[in-house]
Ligand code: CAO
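Below sits a lone chain in structure tokens, taken as the form predicted on its own.
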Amino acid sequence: MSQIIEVKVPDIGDFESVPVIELFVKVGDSIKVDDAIVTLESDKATMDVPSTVAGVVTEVLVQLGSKVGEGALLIKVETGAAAAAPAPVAQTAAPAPAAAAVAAPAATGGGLVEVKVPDIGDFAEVPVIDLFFKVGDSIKVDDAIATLESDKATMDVPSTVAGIVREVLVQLGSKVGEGTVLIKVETGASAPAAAPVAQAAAPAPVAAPVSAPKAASTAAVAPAALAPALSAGAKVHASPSVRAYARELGVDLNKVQATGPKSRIVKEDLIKYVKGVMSGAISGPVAATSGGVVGGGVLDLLPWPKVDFAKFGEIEVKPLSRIKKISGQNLSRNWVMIPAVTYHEDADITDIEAFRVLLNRENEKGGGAKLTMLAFLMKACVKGLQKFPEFNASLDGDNLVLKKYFNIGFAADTPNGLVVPVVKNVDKKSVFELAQESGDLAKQARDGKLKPADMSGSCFTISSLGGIGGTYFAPIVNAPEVAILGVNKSAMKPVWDGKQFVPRLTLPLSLTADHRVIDGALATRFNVYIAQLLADFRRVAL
């Protein structure tokens, strides 16, 4: 007996209205448990949402660019015996009727519909900084009516109906909140222009490009990046927040193709343009660093070289994993935008390593958790974050957000690439609990079982290469964090004790910090403090 099961966005932490940047299924596809349905990308993290059921996809309720949150419906899946015949399901599951259904109720009788400000979180008295419609304009479902800008975020308010605008009840500078009426729209038979709008808004065509996830991902960059620039003297339409973001990136708005209402440049257009430049799809100006802090100029990136490698010898083409593609984009952004400096320090871990080995030997009989150096590092780093709160912070425009919680991410090596699981509330856990939890998360990472919530909320990251080797390296800051600690393999070195050289086990530390927040003196103090804690772990109790 078959049944239709809805697959929704699970708990993804504190993220709301997260855009869908990749879609891996279409109507008629067979899907297995844990297959990725979509990739979501917030300003803090990128995450795959896996399927919780197996069967045949009968409906896809989102598209590229859709904003979703916990509980949002992604797809419907038919399970059981009937799932073996997906063809007829595709006929009934086409998304087009859904859009028609939105316009259908109004089409029978028509009338004025009030469009209000939806739930916008904890914001109240938010000013209107952009208004896109006037009386008499035709409007479609999801067209942006106005842009609101608080001190923390800029947001577009979309229309929930299609028709003709009959009243505009706000103006530039108006202060609004949830439930404020923005416009009144005449829908249905009495609004002849609304009918064709509803057809244009039908999302059915979106399902077509989803058939090839790789192509869809490429298409997300190419259209904006390759679009023609504005003609000389043309007026650029963009909100103040978008203009500020463009200045931060060093992007000339005249070179960016607008996709927003009435030729307005939105934040997504900037992101696509920068991705296009960085991928080599176009050559365009992008700031060498955020705000020109370092260098102060504009860097013209040349197109990525196209080489026929096969003419030089035998080759094998192997596609990058999804993890590497996604992390590559994030790392490129972080490398370009963060003026980072790396500071090195050696920590004497002779005593703490002997203590760790002793505890593990004692725990072998009791079956307790095996202590790792990572657990001690986490505990030491929390003390460092408490002593130097600038390290437990994030930049938000011209503000520094100081966090009062202590979550630490650690880079985990998996067959598909690096991922960063996050251990929450490290300050409240013992080293045994940290060792157990980090070990469990690392295993889930290798098995591909990490949930989005397991990779969100990090305040500070540790990247340890101790199990492999090396002396020092310069890890890339994991935005929006402001620092990351790199750790290499410990080695026995001769250390002068004032009278003679004695052998001491030394751990190389490499701290990379965002120079906009953390200067060299502060970074060095942090590094030295971590080394002191590792040299004498009794200091952690102080």
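All figures in this text were calculated on a predicted structure; none of them were measured in a lab. One rule holds for the numbers: they count along the sequence shown, beginning at 1.
Missing here is the form predicted in complex with this ligand; even so, the following discussion is about that form.
Between the options N334, Q257, S456, S464, the residue in contact with this ligand in the predicted complex by a heavy atom within 4.5 angstroms is S464.
Out of the listed residues L385, A412, L74, V128, A412 is the one that sits within 4.5 Å of this ligand in the predicted complex by at least one heavy atom. Across the proposed site, T372, L418 and N488 without exception bring a heavy atom within 4.5 Å of this ligand in the predicted complex. From the list 32 to 40, 510 to 518, 57 to 65, 488 to 496, the contact stretch for this ligand in the predicted complex under a 4.5 Å heavy atom rule is 488 to 496. Although the partner is absent here, K429 lies well away from this ligand in the predicted complex, with no heavy atom inside 4.5 Å. Contact annotation: K272 falls outside 4.5 Å of this ligand in the predicted complex, judged by heavy atom distances. Of the heavy atoms in H237, none are within 4.5 Å of this ligand in the predicted complex. In the predicted complex, this ligand lies within 4.5 Å of some heavy atom of R356. Residues of 433 to 457 placing a heavy atom within 4.5 Å of this ligand in the predicted complex, in sequence order: A442, R446.
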